[in-house]
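Below sits a lone chain in structure tokens, taken as the form predicted on its own.
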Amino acid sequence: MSGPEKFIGEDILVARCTDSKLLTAKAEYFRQSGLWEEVVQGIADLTVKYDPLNMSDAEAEAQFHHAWDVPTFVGAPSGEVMVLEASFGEQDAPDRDVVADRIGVNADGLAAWIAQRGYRISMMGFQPGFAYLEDNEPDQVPTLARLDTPRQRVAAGSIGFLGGRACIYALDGPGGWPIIGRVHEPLFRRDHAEPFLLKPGQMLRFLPT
């Protein structure tokens, strides 16, 4: 792991780290401090943005170094697992045959296979509400390639699958992940203070319906 890096011309600092659980814990700690305009967790880095009118570069770097060095508890998840009901039928899972063949189950058995997996949201990105999921035991799952030709439109709630990693599209939009199902519950709630249901660090499972 390396310390924070200053990008010239941008009011941001970045720390590289390959431990996704530590990144999630650190991101939450930085958000709770209230010092930063934005805190963005990536797959292998953490980025914060500060206001140069309220904090000099030197102050920002000192605060960042101090917060990064503070011991942060990284333990097991809280125990709460979000269960998302989802359809894995042919209409909502256009790539299920290819995925099922790759992992060694029949198409009708893919839903039961997915239901046995546990996932953790490692980060959000690509588009608003888009969640990247990590399999709890990724080494047990063969990898899959992205589609040769991305789709122009992937329906909101769609579940993408690349093996040890999966994703959920909160909104309609383009995408190149093989699609194996679709979550029923709306993931974008316009009338809520926090409109997107999914957040980094959450543990979840899929319940076929």
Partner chain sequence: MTLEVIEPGLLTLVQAAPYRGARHLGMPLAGAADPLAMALANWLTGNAAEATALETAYAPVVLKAHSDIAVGIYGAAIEVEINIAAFSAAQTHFLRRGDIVRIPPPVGGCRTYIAVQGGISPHGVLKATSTYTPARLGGYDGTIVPKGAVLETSAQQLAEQRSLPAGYQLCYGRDFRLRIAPAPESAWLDMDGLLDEDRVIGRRADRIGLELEGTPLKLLHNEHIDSGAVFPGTIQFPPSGIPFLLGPDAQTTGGYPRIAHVIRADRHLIGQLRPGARVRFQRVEPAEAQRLYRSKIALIRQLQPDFRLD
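Note that the rigid core is defined as the largest set of C-alphas that superpose within 1.5 Å between two forms. Positions refer to the first chain, counted from 1. None of these values were measured; they are calculated from a predicted model.
Although not depicted, the form predicted in complex with its partner chain is the subject of the following passage.
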property	result
Residue stretch of 133-141, 80-88, 117-125, 93-101 approaching its partner chain in the predicted complex, non-hydrogen atom distance within 4.5 Å	117-125
Close approach of residue 49 to its partner chain in the predicted complex, 4.5 Å, heavy atom	yes
is_contact(residue 33, its partner chain) in the predicted complex, heavy atom dist at most 4.5 Å	no
Its partner chain contact at residue 69 in the predicted complex, heavy atom, 4.5 Å	no
Partner contact for residue 145 in the predicted complex: its partner chain, 4.5 angstroms, heavy atom	no
Heavy atom of each of 19, 156 and 163 within 4.5 Å of its partner chain in the predicted complex	no
Residues in 163-188 close to its partner chain in the predicted complex, defined by a heavy atom within 4.5 Å, in order	171, 188
Rigid core superposition, residue 199 Cα moves 2 angstroms or more between the shown form and the other one	no
